[in-house]
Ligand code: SAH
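Only one chain is included here, represented as structure tokens and corresponding to the form predicted on its own.
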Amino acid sequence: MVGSARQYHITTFGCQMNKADSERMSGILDTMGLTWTDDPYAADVVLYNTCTIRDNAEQKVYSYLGRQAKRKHEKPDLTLIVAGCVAQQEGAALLRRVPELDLVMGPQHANRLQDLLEQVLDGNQVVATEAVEIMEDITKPRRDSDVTAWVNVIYGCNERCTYCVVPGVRGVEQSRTPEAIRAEMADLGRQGFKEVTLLGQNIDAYGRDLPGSTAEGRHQHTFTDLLYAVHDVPGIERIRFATSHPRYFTERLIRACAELPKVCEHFHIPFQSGDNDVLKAMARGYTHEKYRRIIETIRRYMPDAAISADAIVGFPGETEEQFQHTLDLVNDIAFDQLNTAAYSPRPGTPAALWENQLPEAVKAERLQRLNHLVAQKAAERSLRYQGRIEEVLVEAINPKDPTQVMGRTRGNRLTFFPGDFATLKGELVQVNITEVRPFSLTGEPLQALVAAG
């Protein structure tokens, strides 16, 4: 078996699902007796957990792999692994491109890392990309934080957005049972974690594949039901969730978020485009009017809720007028945060084959205009925090100022304030906000103000 002196390093690209997978794989490697190193060039086992959503992430993986492949010529016992969505999409083609690789594994195989590594140690080059039934996970993730944690509730995605490779690489939707999710959260609560983010590529689809419906004919396993089932887990003070799809975002879910005290008033609902024809070409299944109604409903129940989203500019065929509709939506809704990207064609997706691709210069120029508006709107939204008292969960030391700690408000705004991390870690602190910036805040803890007074 693997010697205890061996060190591993994992580099993670892409989404929160990938971060959660990396934490699980870290947990497995820890259990196998390896130790973590921050330096990928000192590690004996190097794992790249990859993302295919953006082209530059994929290119980065290949450049890192090139350097590690050279290292392997000098250090033959180096184990090189590519996991995640590039692995799923490229499969054996990756081995042809980088023959030094030992293991190529799709995201559904994260739980099988030990088993697959043992095959590698027996001298095999392994490709694991076939579809599998998800196994209930018994390994303990090595969390990047010991205050906040991710919990997967549904794997895969049944949507068929024309720009996206996720359904092809992460497989069909498979929901975990409410009992398994609650048990994992209870375990986290016992370990001292204070906040859990429930994760799914399309979290509102949770439960559709689980058997059972109520006497009234309503399915008993919706995501809303799950929130009611887990919201009172002891020790867990805050619950967040991502990612939502506008097609399935119901008023019942919004009402549950308003009613349940632990569920944070923060919603991440990608809209991708503000133009109905572009949304149709993307196969998103909703209109900008429906999206606006969802946000209106959220703000009716929770006027102060923070809204974040994802948007794509430069989708094939997008006209200047259609792009203007995206700007109009961003201007009208005023998001607290918006992840933006210029469209990049992904292999194996319908939109990649269309002839009406836009020039890179047009995409870059639109992205710049959108980002400028996003920052302006975020700055305006931040103003509402000035002079307010916000509850902040302390997660870490401010890397730029060790006299300060940092954490997030319920609305997910990063907040810095003076304090001693050793005493405040994992605490919910009332903070008087004294300084606002577009994407973060600074304040004074109320206890300190009382002490000073």
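Numbering starts at 1 and runs along the sequence shown. Since this is a predicted model, take the numbers as computed values, not measurements.
Separately, the form predicted in complex with the named molecule exists; it is not shown, and the next lines address it.
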property	result
Region of this chain that lies against the named molecule in the predicted bound form, out of 112-120, 198-206, 227-235, 320-328 [heavy atom, 4.5 Å]	198-206
4.5 Å heavy atom contact with the named molecule in the predicted bound form for all of V61, R97 and V127	no
In the predicted bound form, the residue from G189, G91, P178, P270 that sits within 4.5 Å of the named molecule by heavy atoms	P270
In the predicted bound form, the one of V263, L80, I333, A342 near the named molecule [non-hydrogen atom within 4.5 angstroms]	A342
Residue contact check: A311 to the named molecule in the predicted bound form, 4.5 Å heavy atom	yes
Residue contact check: H245 to the named molecule in the predicted bound form, 4.5 Å heavy atom	yes
Residue contact check: K194 to the named molecule in the predicted bound form, 4.5 Å heavy atom	no
Contact label in the predicted bound form: V104 to the named molecule, heavy atom within 4.5 Å	no
In the predicted bound form, residues of 273-300 near the named molecule [heavy atom within 4.5 Å]	R284
